[in-house]
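We begin with a single chain expressed as structure tokens, specifically the form predicted alone.
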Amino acid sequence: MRKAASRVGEARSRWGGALILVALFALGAFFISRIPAEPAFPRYVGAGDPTPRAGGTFEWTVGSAVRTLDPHIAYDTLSFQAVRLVFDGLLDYDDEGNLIPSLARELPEPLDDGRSFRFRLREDVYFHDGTHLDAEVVSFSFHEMLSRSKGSPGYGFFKVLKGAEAYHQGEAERVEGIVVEDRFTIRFDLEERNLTFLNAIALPFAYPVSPKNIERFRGDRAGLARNPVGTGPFVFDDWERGVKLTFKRNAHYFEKNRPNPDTMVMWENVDGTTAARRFRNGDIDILSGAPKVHLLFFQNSPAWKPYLFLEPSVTLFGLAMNCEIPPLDNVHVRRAIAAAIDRQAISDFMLGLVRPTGQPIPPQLKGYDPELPTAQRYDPERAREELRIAGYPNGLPEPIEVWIGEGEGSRNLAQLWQSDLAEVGIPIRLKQVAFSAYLVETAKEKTVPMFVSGWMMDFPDPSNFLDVLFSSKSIHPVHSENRSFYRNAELDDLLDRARGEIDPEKRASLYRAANEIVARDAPWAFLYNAVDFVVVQPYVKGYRHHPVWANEYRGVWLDLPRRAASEKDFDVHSRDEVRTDGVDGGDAR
């Protein structure tokens, strides 16, 4: 009886527990059912006024922290985003990637067969602290950037200036090649003809800075990096480190009546998935850099699709191989690696957010050849034959260590080409490292055998890829730009000739020949060019995918007041963006 009673008690206990669980699940389902679902269409639309105008607050997120707001030091895309709001250059790029005047009145006058350039400056430009921009200020800014104490990573772009090296080494008080001709005219004299010098002038390293602000923070590099003063369309307001940066519209900007937002807010350290949720909820105004899985939602949403931008960026990604470390010092082993990888499989894995490539020059630049005879292609049989020629008919006896980035995404992608390489007899061992360690160690000679690498252009010219990444002049024992430590005298000669060639067709021909050599010698296994995935809110106007500047927001304006949207605002059977009939509340954000 006691056993029977005990069993009944256990049964009651189990049933009671089950009933409690059922009740909890039901209660949970009740509350979950009342959590608002993420909207399937934009939460807000604009007022429907096509006239560009100023006003409102524009907000966006970035995935990590901004490093610096000092244009002389900034050399990463996040810092560039912020720097370009606050500063202007003598030259800039239009939406087609063409050089245009900015602080200069017109494109510079070339002198001495392209060995000198005369710039005539605008006379109506003032820094945010009231300092008048003139030629002496431009000269001051260049000398500041080129000084050894500054340690600007942009110094290499301006070494071609006469006397730059002597000044940098402390052997001269001024750069001989920077000449102030009158108050608003400055001339740059070069050691040799170099057609990419004007591209260098358009880089943030060359943006004029306020001498008053430099002196205010003299000796305080951190203070200068956090308190920028430029001439740009926005004035720096506040930086809550690790959280957000705030900028205010420059009411005294030399370009009058710009239809910019009154406030720009750049939220730091927001992961891509959180950013996507905030964007769909209407909390931020533009989404860039979200994980690829979110692309599927926007691609398959008729309401969102008109606001989706998919644009190839001028980038290059692949596997860099240190040509000084065996067995990668053997060109046939490198060619085997390049032929073993299925680039289309990578593109499929990345949902089309990359475009397969087999050559160093991206498709947007002169010198790219869609029919390049030496282009790297997926060919496992050729990979095996190259290994045989290299003396490894049975595959490599030891695995090659390959450095990859941190995170599950980096490892998942690496496992794709790891499998391809193993299939032809090339075992590899993956090593995940922090980006900071990668930057230091891969730039040292005979240190890292093979690593994932990428390059986003500084300016739209093939030299920015071939000279930087593959010229022997870019090799240094440490801090090497040519991280493959690849040397080819024929290539160096072609690049030297191309650098000063005035005839556009001859110059393009030289770069095509250089492109062919690098693809053939395979210092990298060239894998893909990236595709940018950006979505904007319906009320955001003026956004254009820029061919040079990533996440360029200087030209956006807001169609205010925005209002709450409903499904009827979106005609999914047409390509019209939104209908603006009816008003159910406004928001002057």
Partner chain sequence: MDPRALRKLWRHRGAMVGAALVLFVLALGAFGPYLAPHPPAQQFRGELLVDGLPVGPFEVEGFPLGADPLGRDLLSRLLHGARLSLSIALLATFIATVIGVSVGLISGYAGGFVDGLAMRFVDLILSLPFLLIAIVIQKSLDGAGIFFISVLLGVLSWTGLARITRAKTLQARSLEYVEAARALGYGELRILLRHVLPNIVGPALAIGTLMVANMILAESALSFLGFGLAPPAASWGSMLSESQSLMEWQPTLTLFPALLISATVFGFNLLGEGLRDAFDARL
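Numbering follows the first chain given and starts at 1. What you are looking at is a predicted structure, and each value in this text was computed from that prediction instead of being measured.
Omitted here: the form predicted together with the partner chain. The next part is about that form.
None of 311, 503, 408, 182 but one reaches within 4.5 angstroms of the partner chain in the model of the complex through a heavy atom, and that residue is 408. This chain is displayed alone, yet in the model of the complex one of 394, 169, 415, 436 has a heavy atom within 4.5 Å of the partner chain; that residue is 415.
The partner chain in the model of the complex comes within 4.5 Å of no heavy atom belonging to residue 446. The partner chain is not shown here, and in the model of the complex it never comes within 4.5 Å of any heavy atom of residue 189.
When contacts are judged by a 4.5 Å heavy atom cut-off, residue 386 does not count as touching the partner chain in the model of the complex. For residue 372, no non-hydrogen atom is located within 4.5 Å of the partner chain in the model of the complex, even though that partner is not displayed. Figure note: of the listed segments 94-102, 192-200, 347-355, 125-133, the one touching the partner chain in the model of the complex, with heavy atoms no more than 4.5 Å away, is 347-355.
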